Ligand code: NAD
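This document starts with one chain, in the form predicted on its own, laid out as structure tokens.
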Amino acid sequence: MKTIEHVYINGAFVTPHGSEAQDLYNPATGRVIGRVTLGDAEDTRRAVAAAKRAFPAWSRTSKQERIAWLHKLHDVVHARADELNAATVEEYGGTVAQSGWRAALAAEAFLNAATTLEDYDFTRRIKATEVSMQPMGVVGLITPWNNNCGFICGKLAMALAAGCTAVIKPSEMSAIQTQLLAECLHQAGLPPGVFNIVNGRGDVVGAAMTAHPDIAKISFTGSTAVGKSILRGGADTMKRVTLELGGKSPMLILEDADFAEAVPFALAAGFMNNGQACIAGTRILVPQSRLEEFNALLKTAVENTRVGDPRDPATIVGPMVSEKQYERVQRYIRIGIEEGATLLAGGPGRPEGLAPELAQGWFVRPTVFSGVHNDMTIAREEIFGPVLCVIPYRDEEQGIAIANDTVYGLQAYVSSSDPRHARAVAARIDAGRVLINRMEHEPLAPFGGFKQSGIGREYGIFGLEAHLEPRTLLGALPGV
């Protein structure tokens, strides 16, 4: 049993004012593995006060000083990558096949911020005016459970690079991972108050951050519903926001696609991170003329997808993060059946053949529905589990229309044997990112969503400037 009894405020691990305790689980077994004491609104106020005190000195550090700190942060996180990976597998149920690179990617977020900062000019001239980019102040970083270390490091790296200080509210369900990461970040030796971490519930700590007048900006990753509440809650203090929200991403299979490549691409996009990914390609759009061929190949591939122990390198899909999430996914599978969609693979209940120690784990059968219409619930709402919908289309125009017929617009995928054709189609899809023919990530390119998938962008220059405000000085350049 792991017991976490501290929050991190003003450069130290301290006993929280909050007293509520919450159990932590191994989702592969359903067993309690730890307990965390949650912070409250008073802890939030203390953390904000510490960040506010630290801001003047931190905001005046030079670019080179901040670059040096970012490299140090990378080093301390990278040094404990194996421990962070193990914690992700145990507490989240992330498979070792995918978790193996997550901690390294989290550490690299600091190097990516340093690279961005290296080439960034905080002062620029427009005719006779001087425009300087100023750090906003204290930022609140609210992160989810499906990539705990990655989201914390990615958001913190850009906030620090911009000269901001931070208060972090991670998911309380990820407290073991957060504790390890906090120990790493503490080891870097940043000045007290530059970053602070308060475990706590969203309706307590998150709400206190959203309403606090000394927090200038909220950067949030999570559901669209909560993102809307942050917008409403931050309106009184005119908070700046970056919101990376939900998705119902289309995987558009074009008629000229090579199915030997398209089917694995579709499953990689759909089942990534156990299906618990806002960018998962859960709507697979297939030309009606080739639907039978595609379904046959997809059915075989899904039935051969390994589900089970996330510690096994052969496992592709691990458990849902919680019993609540398991029940949510089961409910959507039942809805799909009730709506008249055809089960191509999977279905309700747990997979067969689980080891006895995993029998109570929160495993879902990888499920694919065919015969889906885009107005069905399972095609409209984000399920956040390994459940995919195959939607046929008559011609390319209808395929693009269906792809765009959603309130979301975070990510999309296009499969085609002709790269030029794929690029032309991708340019017509309303999404912040479109991946063509393969799973790919560029950490210096902007990431964020259209429509109800969010506001603003993260990563690279776009992510840096999301923490800056332009100040224009007129008359600062006499004689120009």
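Sequential numbering from 1, following the sequence displayed. Everything quoted here is computed from the prediction, not taken from an experiment.
This protein has a second form, the form predicted together with the named molecule, left out of what is shown; the following refers to that one.
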Please pick, from G202, P135, G308, G193, the one residue with any non-hydrogen atom lying within 4.5 angstroms of the named molecule in the predicted bound form. G202
Exactly one residue in G270, G150, G246, G163 has a non-hydrogen atom within 4.5 Å of the named molecule in the predicted bound form; which is it? G246
Would W145 count as touching the named molecule in the predicted bound form under a 4.5 Å heavy atom rule? yes
So in the predicted bound form, is the named molecule close enough to Y393 to count as touching (4.5 Å, heavy atoms)? no
Does the named molecule get within 4.5 angstroms of any non-hydrogen atom of L410 in the predicted bound form? yes
When the contact criterion is heavy atoms within 4.5 Å, does G234 count as touching the named molecule in the predicted bound form? no
Exactly one stretch in 382-390, 85-93, 310-318, 352-360 has heavy atoms within 4.5 Å of the named molecule in the predicted bound form; which is it? 382-390
Candidate spot Y326, P348 and R365, all three touching the named molecule in the predicted bound form (heavy atom, 4.5 Å): no
Quick one: name the residues from 149-187 with any non-hydrogen atom within 4.5 angstroms of the named molecule in the predicted bound form. F151, K169, P170, S171, E172
